[in-house]
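Before any questions on how it binds or moves, here is one chain, the form predicted alone, in structure tokens.
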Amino acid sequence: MKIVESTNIKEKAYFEKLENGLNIIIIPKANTKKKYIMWGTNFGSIDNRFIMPQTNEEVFIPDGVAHFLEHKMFEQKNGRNSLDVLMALGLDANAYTTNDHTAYLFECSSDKFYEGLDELMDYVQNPYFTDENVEKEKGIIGQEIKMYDDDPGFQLYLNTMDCLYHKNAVKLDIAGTIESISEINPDVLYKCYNTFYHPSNMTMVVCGDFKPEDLLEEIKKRLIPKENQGEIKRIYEIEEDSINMSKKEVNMEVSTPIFMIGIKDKVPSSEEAVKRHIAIEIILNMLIGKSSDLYKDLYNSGDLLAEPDMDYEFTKQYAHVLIGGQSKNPELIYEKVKKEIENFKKDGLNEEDFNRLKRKIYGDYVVEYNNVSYIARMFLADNFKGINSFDYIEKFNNVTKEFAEQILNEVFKEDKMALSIVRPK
């Protein structure tokens, strides 16, 4: 196994690529009681057009298939539900779908790990779809879609995506729509399963007190033999550099307006993504984080009710900065943020503040390595982006004030910014 070590935090990760293409990442954590495993496939909501490697057939699928497939994977031919089986073992099991991947997981602190591994690797490798169980699931997911249609925070996010993107599927609900899921049938699900759930498109991440070589052999024992398949050709809409619209607002059941500022970025390469991410995180904290002058002024004046949420989201298909919060006057917050960005560009970043927040963010990164679930989720998501998670630690000191100022000027542009608002009815 290939061993990658972070010398700064004294952690190791073991990487193995099997003959069938499956990537396995094991991060040993001695003296911890918890064990965490994730088995993910590089198949998310934006992957709705592709060419099947086995047949060269071009396939268009309805919106929401990746999420629908995640729901159906637990149902087995013998009538049992694998999620129930895992829970009965005392394991904390779950699954989720994002824009770019789907993951199945469980956490445990008992000696039942290998029993859980039996069940996890059984249901993920043995799908069972029928006309009857697919139709039944449409009603369940339809209720979930309606629930999120009434969720102000979720609609705020989707509207921000609609402002930033013209055609990119990130602007669509991961679960699809009532209309799109009505087109899903067993044939669609099997085509997607056979294409995207092949080991060569999957990664397994395990974190806990394991001997990596022993665990690897246990995983191999449970794998169904499959030949390596060719590359999946994914087809995406060509996205324009400009934003779709500068503002969008709706009225929903909220007591105080909520807002989200979005900034569209270019898709970073795997080589530059980590440094870019770190720099943007520092800039956001300097701009409107809890210790910033702007946040203190807005909070003391009552214009901002709490520290805003700040994030940089990116995959191989999109990238954007998000700032969200609560305010009686979202437009004022938006104008103040834009003004502060221009001040930063004109005056440069304050070196003392930059170094202080840089140390704080580094500390946050280090603390994540105390939690097996954080470690596993981080390594899985980063792996699908072509990133080694240790790079956030190892490359941290390469992010200088000068580099952050370069990113500030490159990313934080007014013509790439948009404002989404949800106001009270």
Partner chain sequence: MNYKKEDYKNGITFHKINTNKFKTNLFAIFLTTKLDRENVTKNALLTAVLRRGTKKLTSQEEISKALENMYGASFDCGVEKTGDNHVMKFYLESINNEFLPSEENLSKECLEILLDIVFTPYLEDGKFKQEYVDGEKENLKQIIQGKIDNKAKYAYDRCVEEMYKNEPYGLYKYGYIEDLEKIDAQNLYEYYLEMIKNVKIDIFVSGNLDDKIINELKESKIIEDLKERNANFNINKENEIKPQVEEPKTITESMQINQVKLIIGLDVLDNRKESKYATSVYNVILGGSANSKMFQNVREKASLAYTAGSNYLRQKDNVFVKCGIDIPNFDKALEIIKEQLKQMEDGDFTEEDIENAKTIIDASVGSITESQDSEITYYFSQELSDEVVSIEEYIKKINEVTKEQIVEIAKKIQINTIYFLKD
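As the structure is a prediction and not an experimental result, all values here were calculated from the model. Numbering follows the first chain given and starts at 1.
If you look for the form predicted in complex with its partner chain, you will not find it shown, but the lines that follow are about it.
For Asp241, no non-hydrogen atom is located within 4.5 Å of its partner chain in the model of the complex, even though that partner is not displayed. Among heavy atoms of Ser269, none comes within 4.5 Å of its partner chain in the model of the complex. A residue is said to contact a partner when one of its heavy atoms sits within 4.5 Å of a partner heavy atom; Lys248 fails this definition for its partner chain in the model of the complex, lying far away.
Contact between Leu89 and its partner chain in the model of the complex is found at the 4.5 Å heavy atom cutoff. Residues with any non-hydrogen atom within 4.5 angstroms of its partner chain in the model of the complex fall in just one of 163 to 171, 222 to 230, 248 to 256, 336 to 344: 248 to 256. Note on contacts: among Asp150, Glu183, Asp122, Glu331, the single residue with a heavy atom within 4.5 Å of its partner chain in the model of the complex is Asp150.
Comment: its partner chain is not present in this chain, but in the model of the complex one of Asp187, Asp293, Glu213, Glu179 has a heavy atom within 4.5 Å of it, namely Asp293. Of the residues in 176 to 207, none comes within 4.5 Å of its partner chain in the model of the complex through any heavy atom.
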